[in-house]
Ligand SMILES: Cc1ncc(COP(=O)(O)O)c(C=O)c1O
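Before any questions on how it binds or moves, here is one chain, the form predicted alone, in structure tokens.
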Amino acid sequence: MKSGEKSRAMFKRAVESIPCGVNSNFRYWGDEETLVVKKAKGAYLWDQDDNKYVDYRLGFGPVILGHAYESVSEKIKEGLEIGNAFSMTHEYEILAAEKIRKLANVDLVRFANSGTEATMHAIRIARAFTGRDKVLKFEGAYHGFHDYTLWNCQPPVPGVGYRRSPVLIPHGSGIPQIISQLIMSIPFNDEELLEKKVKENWGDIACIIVEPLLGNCASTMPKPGYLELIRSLCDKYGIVMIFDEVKTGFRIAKGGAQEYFNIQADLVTYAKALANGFPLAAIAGKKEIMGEIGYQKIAHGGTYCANVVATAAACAVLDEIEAGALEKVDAHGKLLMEGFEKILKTLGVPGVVQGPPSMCGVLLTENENINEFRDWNDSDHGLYEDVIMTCIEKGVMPDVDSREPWFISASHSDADAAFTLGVFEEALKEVIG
């Protein structure tokens, strides 16, 4: 796939001022392939050459309602009438916190500006509260762009080593190796390894941070009882259980993964769907822990935390979610999942369709049991990427990276689903010959 003339010209202009022409490495597809957006509305976006796409990237998941959603835009305009940043508390942040508490069944909330900030602060809070330093995370899980979690996010196999004792690999240069002494990483969904690691190291472990489902492994789901096991081990050994709900929060259920899996974590991090694409994140959780944040206690702050625009957007989003917006999201996702499975079966292409309907993953693989990163790694990424690039050429845009789910918004229609499934089938036929 090559970008159009106007997109290429705009991209060349971007490269003059911005490294690689993008402000997040994941947005770069190649010098000739990277698109530059012109506008977006509802479930669609247009590139600089006015090519229209059904958008299933949705900014990597935040746009839960749809682009330029009217109720969100109106709430932001209302908020801007009072200003934007004051270094003082204002009503919109109070309202947003109250709505989070109600939907997610948490005691207290602090705001941040990104998922990276939220997980970074949650880990600090856990360390302060427990007096311990180490973090236990899972292979294939991505928890933001800070040094404490950029380990074994997408490690090379077999370079990552034996699954019972993985080698810690940073996600690129510039991450000090000494930090690896504070990180433990094991495969997801392995009960025996989890219990062994915790029993041997519990006195050093401040927190277990877990995506309730692996959003960066095409929505790999937890085995029945696995999250419950993490909960029980944290209770037994005084470890803080952190649910990283940056992707799942206010997307897979009104109360996020805590509601979906019926598990209550100690701390929860939110971002993405919280404000429909505006920069807002949150750390929430139990009063026993969150109540210790404060001056000369546990440090947390930020100049732009809880600014008016972002919290006003969140108020509108959470109202829409409480009113039933996720029913539209799930209905569309179910149409896609059923369609993908039927197409793969009809064409005789081995594959797995998994995850919640609002963020389903598609893997092209003969392995029917996808439980961890190494299972995802064995799927056919090259074939998947060729299929998705062909889909994009035909007007349907999921992410090219096979780790990313198909994100659904409340603005996607049944007609979009029919068009998308037709394009997916055509693309798969063309690629497999």
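None of the values given here were measured: they were computed from a predicted structure. When you see a residue number, it is the position in the sequence shown, counting from 1.
This protein has a second form, the form predicted in complex with the ligand, left out of what is shown; the following refers to that one.
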Among 308-316, 155-163, 79-87, 135-143, the region lying within 4.5 Å of the ligand in the predicted complex by heavy atom distance
135-143
Any chance Gly42, His67 and His412 all have a heavy atom within 4.5 Å of the ligand in the predicted complex?
no
Within 4.5 Å, heavy atoms only: does Val246 come near the ligand in the predicted complex?
yes
Just to confirm, His332 within 4.5 Å of the ligand in the predicted complex by heavy atoms?
no
Would Asp266 count as touching the ligand in the predicted complex under a 4.5 Å heavy atom rule?
no
Decide whether Glu211 counts as a contact residue for the ligand in the predicted complex under a heavy atom distance cut-off of 4.5 Å.
yes
Sort through Gly351, Gly285, Pro356, Gly115 and report the residue having a heavy atom within 4.5 Å of the ligand in the predicted complex.
Gly115
Consider the chain as shown here, without its partner, and state which of Ser71, Asn216, Thr130, Ser180 has a heavy atom within 4.5 Å of the ligand in the predicted complex.
Asn216
In sequence order, the residues of 367-382 that place a heavy atom within 4.5 Å of the ligand in the predicted complex are none
